[in-house]
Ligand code: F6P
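We begin with a single chain expressed as structure tokens, specifically the form predicted alone.
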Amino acid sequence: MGHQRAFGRSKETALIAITKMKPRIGVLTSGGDCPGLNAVLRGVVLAAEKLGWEVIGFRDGFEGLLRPGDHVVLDRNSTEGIMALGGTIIGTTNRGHFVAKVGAGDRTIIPAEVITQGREILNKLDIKSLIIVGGDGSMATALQLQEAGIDCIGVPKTIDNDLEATAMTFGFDSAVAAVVDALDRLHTTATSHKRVMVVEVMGRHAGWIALHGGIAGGADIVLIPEIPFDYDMITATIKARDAAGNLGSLVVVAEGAKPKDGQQVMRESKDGEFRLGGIGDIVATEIAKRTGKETRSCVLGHLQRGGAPTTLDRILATRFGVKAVQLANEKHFGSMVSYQNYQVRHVPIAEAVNRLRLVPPNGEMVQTARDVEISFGD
């Protein structure tokens, strides 16, 4: 809150006027928040200042491009100490005028007048390029802005770790750590009461969080979108554990998991949208009915998004922020930062959007899980 209160409107206007002669780049954070966003901002600011540039941060994602004065000067003082903070000090949103994607693979077109309005704000501020930190939907928006002549650099962000164009995204490790912490806590109560504990985690289309969290947290059953499950197989696994004297069991289920010949579970929100969620309760109910065991479910939800980033995410996010500034300096516009083979590189945004990296059902990670007696319900 202290950082946010420091950004008063009058002070921002005065600072921008005073330092107007410096070359400027803009930065915004869009889509769902996650640990590591502030580390990216800090990396951008420090790398830009080394080049003699000034960084302007736009509030609340792309929406900040439409509201005159809804921006702030980001410098080493305003970003001091923010690397350990979760969330983003300039705010974010996954709604508004710039939404360029709806669902998996379904894209909408940003109205030309919206892009024009954003361009006018950037021109008035004399901002030469824009660094966009966000997930697949935000990268789709970045691509449209680039095609409209606004120079953009993309920084991939998703706790789901499901972008094919990068081997890892910051926020993922922190999300997995939250899952492991929950499983460590639930293991003791499951054992004490001889219960089955079902934990629903994020993962709409890809089960990376469930898979990594399940392995690290000692889960007995992991259900992911890529491997449709069978309730009979889940029941058999739990009964076999009971017969072996293991009377408590942990089940991790990704929100996008579904049974064979079944559908993903959707529920309507207050604003009329349909969102994934509820599969954990359904799985728990079926387990209780089929095994007779006391079964409880727990939805981690946004606990996976909040809190301080892990060491790995702080380092990766910093590297991403620095690389984004390097790409802008080298005029590699229309590029997205990418982590491949332990190196931070870049790929064209056009080749990165709308390509999900899913868990290979027969891959090494799944086989590792099977070899430590984790069932996928198949």
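These figures come from a predicted structure and were not determined experimentally. Throughout, we count residues from 1 along the sequence that is shown.
In what follows, reference is made to the form predicted together with the named molecule, a form of this protein that is not presented.
Q. Any idea which of 226-234, 144-152, 159-167, 122-130 reaches within 4.5 Å of the named molecule in the predicted complex, heavy atoms considered?
A. Single hit among the candidates: 159-167.
(Q) What I'd like checked is whether 204, 302 and 305 together line the named molecule in the predicted complex, meaning each has a non-hydrogen atom within 4.5 Å of it. (A) Result yes, every residue of the spot touches the named molecule.
**Q.** Any non-hydrogen atom of residue 255 within 4.5 angstroms of the named molecule in the predicted complex
**A.** It does: once the named molecule is placed as it appears in the predicted complex, residue 255 has a heavy atom within 4.5 Å of it.
**Q.** Heavy atom of residue 94 within 4.5 Å of the named molecule in the predicted complex
**A.** Yes, residue 94 is a contact residue.
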